[in-house]
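Next comes just one chain, in structure tokens: the form predicted on its own.
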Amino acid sequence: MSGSEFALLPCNGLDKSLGQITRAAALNACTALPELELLCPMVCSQDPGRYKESAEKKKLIVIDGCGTRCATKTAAALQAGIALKLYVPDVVKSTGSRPEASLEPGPGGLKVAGEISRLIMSHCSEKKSEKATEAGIEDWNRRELDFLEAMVDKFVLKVPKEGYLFNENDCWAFVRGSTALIGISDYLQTRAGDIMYVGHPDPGKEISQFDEAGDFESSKSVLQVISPVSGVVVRINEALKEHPELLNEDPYRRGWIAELRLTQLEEDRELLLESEAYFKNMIDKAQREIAGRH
């Protein structure tokens, strides 16, 4: 967890009980995240140039103690972009706590301050996690693959030698810890022809094994993506919206369609094929299809 990308601006109402809660919350967060820069609200108001570089380079988190929203107004004067805005009365409602009226926060005020600092730390952590995940996907897209290959009619059909699990519907899953990327096989994209549109499943949707997990449209037909695994959609491949041709060009890497948080992988495995078994199955299927045309 790191707060190096962020700066924190609490309100300057230190003569009010809610203002003291913002102070306590800010100190908690900065103690937990030493790289999180704390901006003094009084200095911001009197000498905004002192924080000019931070305002330009960092994402700002503001904590407003009351309806005057002095922290938000100060951020506007700094011309800083606000990444997260916290309002103490809202947190009071969400916690059900009753802050004391005194300037020294009691148990109720400290509970609210603790929740605010937790929200700040969670926000910083989520942003770091998102970046790490994006970097992980980019590495995955660029990795080298070894293939099993077969010429069927005029087409060279490929299956990665390891790491992929296939269902009988020519869709694959690649397990990455508690999640799996899913996509379609080289055989299926070849059958489809030039793919012009990809429809994704909705993020957050729960999908069972063999449920539809999107579709794609080619010059020949509209086909469904049949999920090899059960799980909840946590990510979709946004690149396919503008570049559906990636399904044709690189079906086992950049053409992944969605990422699912797995819910019953061991049970799902019983109905999936590893690479060599799917390769043989695919060749038989392709040869039968070719024979049927003649």
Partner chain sequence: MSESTFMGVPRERIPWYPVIDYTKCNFCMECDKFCPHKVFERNEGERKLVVKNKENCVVFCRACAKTCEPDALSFPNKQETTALIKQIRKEEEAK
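What we label the rigid core is the largest C-alpha set whose atoms superpose within 1.5 Å from one form to the other. Residue numbers count along the first chain shown, from 1. Small disclaimer: the values here were computed from a predicted structure and weren't measured.
Another form, the form predicted together with its partner chain, is not on view; read the next lines as being about it.
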Stretch in contact, per heavy atom within 4.5 angstroms of its partner chain in the predicted complex, of 173-181, 156-164, 116-124, 86-94
86-94
Whether C66, D211 and D215 all lie within 4.5 angstroms of its partner chain in the predicted complex by heavy atom
yes
Mark R191 yes when one of its heavy atoms lies within 4.5 Å of a heavy atom of its partner chain in the predicted complex, and no otherwise.
yes
Any chance M282 has a heavy atom within 4.5 Å of its partner chain in the predicted complex?
no
Is there a non-hydrogen atom of E35 within 4.5 angstroms of a non-hydrogen atom of its partner chain in the predicted complex?
no
Quick one: does V222 come within 4.5 Å of its partner chain in the predicted complex, counting heavy atoms only?
yes
Going by heavy atom distances of 4.5 angstroms or less, which of D47, E56, E267, E238 would be at the interface with its partner chain in the predicted complex?
E267
Considering only 159-175, what residues come within 4.5 Å of its partner chain in the predicted complex, judged by heavy atoms?
E168, N169
Against the rigid core, is the Cα displacement of Y187 between the shown form and the other one at least 2 Å?
no
Shift of N248 between the shown form and the other one at or above 2 Å (CA, core fit)
no
Align on the rigid core first; then say whether the Cα of K16 has moved by at least 2 Å between the shown form and the other one.
yes
